[in-house]
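Just one chain is shown here, as structure tokens, and it is the form predicted on its own.
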């Protein structure tokens, strides 16, 4: 029997999980990756001995299979870390999860009373049909809290008004938490044996040297089994014949081009690029839908600080409109080993941008200078304590759930499924703003469809929004869709 030719596009969590699962079935694959590192958004960047994460990647899942897989790959290098995050708003820090006295003192009695009155009004007269993020959050927290703790930060992240963000994004990311739940948890603690809301989990596992350590170890494992992981390969197109993908086309860094024939293609590349790169071309309506899929880009400014201790948070959400930074990671609190010198610290300032906008095109030096000014303005660090910095830019970091995206996605999905040997997985592969454990689950099922003849639909893995935000105290298997 001729060897089966499998091409996997992308060496992020989804792509490498697929390669790892293939290896367990005795299959080899070729993984094509444009970047010099593996891990995608979950890679670890190094600069002068400092390591930093792109966004902060907690490792937890309600899927015992995924938890076991992480442990299998990395073993004792997975460490347990306490979780602490706060919201910065109007020169004050609000603990999250909510601490009643902290919230009351920071808000003041008048504002706290006004928030409760606003919440009561939302419960008495809710918006009947929730069509966007603003309406969804207002119904569950009241308009005043929405304006204080959701609007500014969300619009920083997405770059569009909250009224243009679909309600299903809110349902996916903050399902399981409303004001009443938060207050109950603050005063009485979480119910023993009950569900634990993701945003209220107080510890998580994390690779000692950052998330990239997980995916570098996974890459090494699959290479040992005969899978090729090829860097510097920017996939530009897929060639189709007779309802199947027959080859993947890629551009090398040196300007040359290569074609990789395949019997099976697993793609974690952005869905927009995949559809627009098909040859022969997709129907015009599908191409138009793909062209209208939108993505938010991202950059991290890592600042090296000449201080041993800064603040206890793993990260801080910055809701203040007077600065552009959206979130600040304190990498020493993620893992002390990310910082090579215990007398120094490293912060990651996250800016949500559009590719080629003013911030994206700014020089690294200008971005480091701006970041230094902003953390000083927030009174987190003195400007003179920042000794160095580095910038990392990430394209298409976040698929956007704008108005009408679901209809476009449904049409694209229906068309992509007409290719019998094409399997779309992961965040960008399915245009779904998910967590890495969800991306991994889509990869596992795609491989089982190919290697075992199963009939799962990876597009329906845990489509219930609860999967993304609820981790139960009793770990359980993934809520995989039934086989067709």
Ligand SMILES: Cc1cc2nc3c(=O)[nH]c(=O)nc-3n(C[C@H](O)[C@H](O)[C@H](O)COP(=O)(O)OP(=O)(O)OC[C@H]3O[C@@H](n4cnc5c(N)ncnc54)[C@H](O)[C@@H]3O)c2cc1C
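Residue numbers count along the first chain shown, from 1. Fair warning: this is a prediction, and the values are worked out from it, not measured in the lab.
The form predicted together with this ligand is left out here; the points below concern that form.
Across the proposed site, 13, 32 and 234 without exception bring a heavy atom within 4.5 Å of this ligand in the model of the complex. The closest heavy atom approach of residue 327 to this ligand in the model of the complex falls within 4.5 Å.
Within 4.5 Å of any heavy atom of this ligand in the model of the complex lies no heavy atom of residue 445. In the model of the complex, this ligand stays beyond 4.5 Å of every heavy atom belonging to residue 422.
A residue is said to contact a partner when one of its heavy atoms sits within 4.5 Å of a partner heavy atom; residue 269 meets this definition for this ligand in the model of the complex.
Contact with this ligand in the model of the complex, defined as any heavy atom within 4.5 Å, is confined among 109-117, 221-229, 282-290, 261-269 to 261-269. When this ligand is considered in the model of the complex, only one residue from 69, 450, 416, 41 comes within 4.5 Å through any heavy atom, namely 41. For the candidate set 57, 431, 62, 51, a heavy atom within 4.5 Å of this ligand in the model of the complex is found for exactly one residue, namely 57. In the model of the complex, this ligand lies within 4.5 angstroms of a heavy atom of only one residue of 383-397, namely 397.
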